[in-house]
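Have a look below at one chain only, the form predicted alone, in structure tokens format.
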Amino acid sequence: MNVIIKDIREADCISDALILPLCEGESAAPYEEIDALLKGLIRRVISSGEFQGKLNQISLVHTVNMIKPDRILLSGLGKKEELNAEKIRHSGGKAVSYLGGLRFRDISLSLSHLNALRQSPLPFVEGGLLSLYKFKKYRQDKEDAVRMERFTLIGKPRKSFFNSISRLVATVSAVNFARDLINTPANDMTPTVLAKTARGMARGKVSLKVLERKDAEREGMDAYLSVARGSMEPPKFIILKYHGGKGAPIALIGKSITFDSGGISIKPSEGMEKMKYDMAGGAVVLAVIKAAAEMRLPVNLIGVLPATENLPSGSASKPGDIVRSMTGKTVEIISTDAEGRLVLADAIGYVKKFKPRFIIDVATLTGACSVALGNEAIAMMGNDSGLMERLKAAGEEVYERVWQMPLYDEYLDYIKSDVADIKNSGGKTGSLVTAGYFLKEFVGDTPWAHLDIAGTAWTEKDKPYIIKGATGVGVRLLLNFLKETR
């Protein structure tokens, strides 16, 4: 998609459709000039009640050659007093996805009224671009052979707006990159394929290292390797570095279980097909590093993806096994379905060698996250209040909201083992926070935040700018966070 900006009259922009955003109850006055050229057509549509400006309401009007755009799409923003960035994002998603469904190649958006309302047009554009995503790799139908090619923004924005649009396009591209990885079925998204994908990113300021099984053995990553024992697919411990600034790196760790059956502690068969999404954290980390390189963010990043499958077999780890982590701490495996924290424990141990400024891990870690927060918020835990406040603020801005959960010292009692230093599951009680506390035991004094995206990385219903399937949640949050990090 080519996003361009033109300082011309709306009526002079040649396009399949011109989008005109309006708040609920507004008249045609914000677009008085163009309405006059249309001989009052916008006013008549509004006065008839056909279009009221309610949030996500749309109305398509043919211009019959009276102006250069072939059609006008009125797009509802909702009540003016309730207007915010997320509602503008929803309105953009609804409008642009509708026009995409009509297979239009060339659309335009008037910025004038959003500017008059003192609202940034960026969320409208962001929602629109995100709404066009489709995952059709395995479909034979050709209904989407015609794809939208150009999105023209009409107005006179500030100079900084051009850079903002460039960053926005890179961000949306990264989100869609993550969605593609997550939506790909596990037979085509193995640890080896994930490593190959990372290798394709290794150029310029991005470097790659992949630890094979023997390398991981030499590093003492028995916790990570215990998860890989049941699969014939070789594990790949993927390390990407982005060299964009000075000083200590920021460590990003993404859980990368390319398929999670639960191992010997096998999951119910219903819904297990969605367990291809258990590498969503890794996809987020890859996408963030990809976008950081494109945006030339002035930071150093190290991204770690401890990739493997978790399957049952004669060689799989068993409940009751004890493994030693890279840090030397021993872990009693209570449930092989609590595997994510095992791979993350060794990933944390690995990145600590680089003395990072802080560690952020992103993981579809617990089913309890969905029980606690539904599909509306990311569960966040950590040991550094300043880091968590910054992540929370970054998430609010892009509406990838986080909710901080406690890590009381008493939770250590839940995961104490009689035969090892720690056990990987304390049972159902407090299982969301005990999973976080388990990771805390490996972090030590390094500033750290844990983002559990189990409830938000996948959606079962279409939303105005996110269709059913992988959401790519976490990409926009982290890029917004890194944008303000120096």
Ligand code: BES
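The numbering used is simple: start at 1 and walk along the sequence shown. Worth saying up front: this structure is predicted, and the values here are computed from it rather than measured.
One more form of this protein should be noted, the form predicted together with the named molecule, which is absent from this view; the next part is about it.
Only one segment in the set 319-327, 169-177, 271-279, 127-135 has residues whose heavy atoms sit within 4.5 Å of the named molecule in the predicted complex; it is 271-279. Proximity of A454 to the named molecule in the predicted complex: non-hydrogen atoms within 4.5 Å are present.
Taking non-hydrogen atoms only, P234 never approaches the named molecule to within 4.5 angstroms in the predicted complex. Contact check for I154: no non-hydrogen atom falls within 4.5 Å of the named molecule in the predicted complex. Within this chain, Q57 is remote from the site of the named molecule in the predicted complex, having no heavy atom within 4.5 Å. Between the options N183, T190, T366, S110, the residue in contact with the named molecule in the predicted complex by a heavy atom within 4.5 angstroms is T366. The contact residue chosen from D361, E339, D346, E309 relative to the named molecule in the predicted complex is E339, the criterion being a non-hydrogen atom within 4.5 angstroms. Contacts between stretch 242-268 and the named molecule, counted in the predicted complex as any heavy atom lying within 4.5 Å, involve K255, D260, K267, listed in sequence order.
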